[in-house]
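There is one chain below, alone, in structure tokens, taken in the form predicted alone.
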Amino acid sequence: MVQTKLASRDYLIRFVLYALLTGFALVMLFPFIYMMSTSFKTSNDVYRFPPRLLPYSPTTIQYNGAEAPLYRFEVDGAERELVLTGDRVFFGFFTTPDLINTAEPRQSEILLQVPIDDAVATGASVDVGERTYDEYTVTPEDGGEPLTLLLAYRGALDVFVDPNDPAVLAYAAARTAPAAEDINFQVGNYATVFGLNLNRALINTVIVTLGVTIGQLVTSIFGGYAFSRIQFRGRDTIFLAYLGSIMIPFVVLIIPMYRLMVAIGWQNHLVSLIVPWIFTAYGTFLIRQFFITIPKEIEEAALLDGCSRFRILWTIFVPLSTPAIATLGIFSFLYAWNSFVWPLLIIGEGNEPNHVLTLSLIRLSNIAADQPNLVLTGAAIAILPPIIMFILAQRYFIESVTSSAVKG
């Protein structure tokens, strides 16, 4: 009995923990989910209040040779989808003297709303407050007894008709009529955004990111192996000096790097986004620290078997260091993909053929300032590749973190 109570308590604690974790996860993921949902919406749907998560679009139908939106009305107790005819009918809005709002007649409580031509003027008028209202005899639409009421105000309403049954009519203001909507993902938003030079920017970003990532992995692997396994004079001093370069702020390097790129003619070229960044002190330090943990006996055995340094590196050290290399690859990929300041300086906002995604997104936000659905579509295009990259490499990343913790 005691064990049953303990088991029930454990299940309850687990349920509460999982519920809390799921709630926090949804809160953290909601901005991403809303961004992806908005990227499939129309601009009008984005501005709708209250906002909706799923994308809705107006339902349309062919009417009089053109595509016309449908509106939902309740007619004779049944919901119908009607179409706007383009005609207007003047209505009278009738009520009793005690229900008239003399300050704002349009805010009065209306008892009957009928076409003004169907109302019969009695010729009498009634003073309510400081205003005079005409008296009419009106008949309810359901055929009840005629009523003598005051005309509170007049107004024109649009005519809606059932496209399948012209006898079914409804009257309302088109701007406030409830539109018929269905869930509809606007996949065309992505084609529109790609047509605004984002396809070229995406290709440029892929080229730059792959170049920087591969370059950093290669130089870090070679540098990490040299600093961890090869003995040469001043090795530790050189490594400390190289590692100390991490402390130099990027703002200090901007001007000399820019002048160097201009001097060698790389300004406004993609090569200026790749070559200066293929060397990384952090990556070299990360790989070196991982290489140090590999037992020296393995390397000595390979040297006795006649293996060269290069073969030992690529057949022993690299396979054993997959978690560290994957971690560095993720960091390098994210840095190169999201780089903004350096491309803005060396490429410029006006050089559209060599734009990367970060620059094109700024241009897109200016062009489509009144269309947030397109802006968020561009953001979705920019954010999806890094997410996919992390999902594919997360196993190695977690393995690297856990192995470092165990070794520590």
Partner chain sequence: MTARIQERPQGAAYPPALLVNIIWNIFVIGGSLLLCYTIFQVTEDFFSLGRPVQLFAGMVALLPAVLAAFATLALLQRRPAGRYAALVINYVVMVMAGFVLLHLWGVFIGLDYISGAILQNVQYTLGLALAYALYWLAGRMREDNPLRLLLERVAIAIGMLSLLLLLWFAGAVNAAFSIISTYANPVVWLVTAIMIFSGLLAYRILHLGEYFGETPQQQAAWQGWLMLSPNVIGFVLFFAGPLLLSFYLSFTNDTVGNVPEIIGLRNYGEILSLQVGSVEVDANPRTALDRDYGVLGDIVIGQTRYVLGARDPLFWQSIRNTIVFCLMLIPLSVIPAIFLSLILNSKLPGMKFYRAIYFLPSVAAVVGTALIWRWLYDPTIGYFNFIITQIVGFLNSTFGVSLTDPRILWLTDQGVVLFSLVLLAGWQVVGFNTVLFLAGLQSIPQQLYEAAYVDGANRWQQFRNVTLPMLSPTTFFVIITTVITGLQVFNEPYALIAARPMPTAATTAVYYLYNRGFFRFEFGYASSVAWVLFALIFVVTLVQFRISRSNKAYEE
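Numbering follows the first chain given and starts at 1. A quick note: this is a predicted structure, and the numbers were derived from the prediction, not measured.
One more form of this protein should be noted, the form predicted in complex with the partner chain, which is absent from this view; the next part is about it.
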Heavy atom within 4.5 Å of the partner chain in the predicted complex - residue from A78, A103, I255, A191
I255
Within 4.5 Å of the partner chain in the predicted complex, heavy atoms considered, which of A302, L111, V120, L334?
L334
83 to 91, 269 to 277, 149 to 157, 163 to 171: which one contacts the partner chain in the predicted complex at 4.5 Å, heavy atom to heavy atom?
269 to 277
Contact of Y56 with the partner chain in the predicted complex (heavy atom, 4.5 Å)
no
Wondering, does R200 line up within 4.5 Å of the partner chain in the predicted complex on heavy atoms?
yes
Give a yes/no on whether Y18 approaches the partner chain to within 4.5 Å in the predicted complex, heavy atoms considered.
yes
Is L345 a contact residue for the partner chain in the predicted complex, using a 4.5 Å heavy atom cut-off?
yes
Residues within 4.5 Å of the partner chain in the predicted complex, restricted to 327 to 341 and counted by heavy atom:
L334, N338, F340, V341
